[in-house]
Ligand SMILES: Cc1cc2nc3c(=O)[nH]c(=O)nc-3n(C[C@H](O)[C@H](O)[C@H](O)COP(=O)(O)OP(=O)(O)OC[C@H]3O[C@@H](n4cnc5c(N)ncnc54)[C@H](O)[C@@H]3O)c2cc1C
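Take a look at this single chain in structure tokens; it is the form predicted alone.
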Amino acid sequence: MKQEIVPIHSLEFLSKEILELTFISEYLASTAKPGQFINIRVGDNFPLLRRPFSIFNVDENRVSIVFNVIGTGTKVLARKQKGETIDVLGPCGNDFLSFVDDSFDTAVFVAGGIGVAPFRFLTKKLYNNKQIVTFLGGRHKEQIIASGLQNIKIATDDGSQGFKGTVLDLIKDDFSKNMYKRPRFFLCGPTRMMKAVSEFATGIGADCCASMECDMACGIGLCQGCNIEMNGGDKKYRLVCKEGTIFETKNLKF
């Protein structure tokens, strides 16, 4: 990884709630892998700490992230203009491709809300090699971002788009009707959702990995602040930023 000051190429709304920020970086575009994140210093002096964002898309020399405006850092980002610069550090963490092998045939992507972030990039890397089915969940339709995905199935809590109910409800309904050859689940979103989906995956004998969310100060493992508890193994805790963010769910103590 390395630190760069990069120019903003564009900032646009993908829905009423979600923005996509695209910047230019030859280095990140050539080195980043699906599931990795970048740590952004959103302001010159405030906020002090960097903010982690999954890499949403890579297109030639352009790299994109997506975000909701929910706190101080994202409010600052949302006011950025084309041509301004931001300070980025990355690519950080491990990647979903490390969990791709010959042990499965169907990649089952499950995203809750902004958890969709890594799956467009991952779809680009897998669509020639694996069958893909994508489950998207949100409270309502403004939380659903489906561009660049494949075989999409949508659930909203209020029924404003797709299946009415949780994404787990949709998965259970879909798997009762369809046979997927040797599935492996790839998860990103709220921890409660990922825990529930991983239990479903275990119940049908499928492997499952998840991109875990955590507050990160440094993003490179120095501050030791993003510990996550493991379910046995040689270490009781691991660092989300350095040893993740992606873990086999069977090893996690949710």
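Heads up: residue numbers just count along the shown sequence, starting at 1. Bear in mind the structure is a predicted one, so any value in this text is a computation, not a measurement.
The protein also exists as the form predicted in complex with the ligand; that form is not presented, and the subsequent description refers to it.
For residue 114, a non-hydrogen atom is located within 4.5 Å of the ligand in the predicted bound form, even though that partner is not displayed. In the predicted bound form, at least one heavy atom of residue 37 sits within 4.5 Å of the ligand. Within 4.5 Å of some heavy atom of the ligand in the predicted bound form lies at least one heavy atom of residue 72. Residue contact with the ligand in the predicted bound form: residue 207 places no heavy atom within 4.5 Å of it. Looking at the ligand in the predicted bound form, residues 54, 68 and 214 each place a heavy atom within 4.5 Å of it.
Residues of 227 to 250 that come within 4.5 Å of the ligand in the predicted bound form, judged by any heavy atom, reduce to 245 alone.
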